[in-house]
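Next up: a single chain in structure tokens, the form predicted on its own.
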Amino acid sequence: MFKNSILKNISIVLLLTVVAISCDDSGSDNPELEATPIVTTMIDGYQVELLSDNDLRTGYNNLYWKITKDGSSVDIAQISAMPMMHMTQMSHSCPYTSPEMMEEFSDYYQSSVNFIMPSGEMGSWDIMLEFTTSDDMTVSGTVDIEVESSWMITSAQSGDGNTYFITWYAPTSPKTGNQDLKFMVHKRENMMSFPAVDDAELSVYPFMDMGGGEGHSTQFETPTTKGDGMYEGSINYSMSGTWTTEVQVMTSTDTTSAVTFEYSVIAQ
């Protein structure tokens, strides 16, 4: 009986140990982010990893930055990441946000970029990265990237000669049925500055061309401003196929020409 008691106690200890190990989250303090690797490069002895939700493309992109040295995370006090397109006669930037530490993935910094043109014969993209460590070491360099073309961004001119960039933010993969309809609007202030436009009204008209001069729209809610250049509404696609959506931007002092997004809606 005494032997059985010892064995029972040992079993309880082993069980509690297994439970404690399985419940210990010390190994998940810095979990790895599941994203698409874009490029890994070295800058002054620091390894810089750039990831995104997908291959980089014109339109909106989330960027995730991870910086390590000798395999260990780097404590960063300040960081900036400015995208630049280098062309034969000139260079320019595009709408973007500065990296901020992610709460759920503390090893990563998240920023965003609305690329306004693809890489190719017209020019090449890189990102000017600069960060300052907690011990006041400033590191800077460039990260070369490739940007593919997509249908999700276009530009519109106003009567006053201003250029606005309209980004299709959602849905990224349009399907039949009801879903969010979101756009982002930025104005080109100069070749390096593209501030968000928050005071506009959008005129939106989705349309499906059935051929022979026939076609129809569908039920939708016109997107309205939510701040930071974002406009949110909804759309209920009635059928799959090729659709167009015409968009026009109107502010108190400016009205753009109408531009058209063309895309496919899949059945679900």
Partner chain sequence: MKILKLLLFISLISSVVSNAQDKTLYVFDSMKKTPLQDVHIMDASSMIGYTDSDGSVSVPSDIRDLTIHFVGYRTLKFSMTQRVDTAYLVSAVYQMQDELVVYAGDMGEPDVRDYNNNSSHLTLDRMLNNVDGVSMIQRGAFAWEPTIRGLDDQRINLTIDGMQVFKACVDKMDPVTAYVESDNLSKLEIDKSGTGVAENGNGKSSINLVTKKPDFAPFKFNIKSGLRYPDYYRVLAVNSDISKGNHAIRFSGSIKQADNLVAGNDSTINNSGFNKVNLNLAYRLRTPSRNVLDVNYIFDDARNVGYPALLMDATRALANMLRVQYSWMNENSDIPTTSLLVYGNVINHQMDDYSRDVANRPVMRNMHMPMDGNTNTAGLKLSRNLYIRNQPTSLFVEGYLSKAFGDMKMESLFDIPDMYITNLGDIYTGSARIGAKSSFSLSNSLLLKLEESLEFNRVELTNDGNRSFFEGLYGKEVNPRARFLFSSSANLFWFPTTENLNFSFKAVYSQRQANYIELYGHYIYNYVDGYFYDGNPFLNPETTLNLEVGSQYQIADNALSVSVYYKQMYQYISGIIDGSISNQFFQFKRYENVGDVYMTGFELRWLRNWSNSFSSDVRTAYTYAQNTTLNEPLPLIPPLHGSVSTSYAGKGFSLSGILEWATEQSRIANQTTIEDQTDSFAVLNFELSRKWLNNSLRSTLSVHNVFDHYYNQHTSIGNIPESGRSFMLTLTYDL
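Fair warning: this is a prediction, and the values are worked out from it, not measured in the lab. Positions refer to the first chain, counted from 1.
One more form of this protein, predicted in complex with its partner chain, exists but is not displayed; see below.
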Candidate from Asp70, Glu214, Glu32, Asp199 lying within 4.5 Å of its partner chain in the predicted complex - any heavy atom: Glu214
Option touching its partner chain, based on a heavy atom within 4.5 Å in the predicted complex, out of Thr224, Gln47, Thr36, Ser240: Ser240
Heavy atom contact within 4.5 Å of its partner chain in the predicted complex, the stretch among 155-163, 113-121, 138-146, 176-184: 176-184
Partner proximity in the predicted complex: Asp209 to its partner chain, non-hydrogen atom cutoff 4.5 Å: yes
Partner contact for Thr40 in the predicted complex: its partner chain, 4.5 angstroms, heavy atom: no
Thr218, heavy atom within 4.5 angstroms of its partner chain in the predicted complex: yes
4.5 Å heavy atom contact, Asn236 to its partner chain in the predicted complex: yes
Stretch 252-268 - residues with a heavy atom within 4.5 Å of its partner chain in the predicted complex: Ala267, Gln268
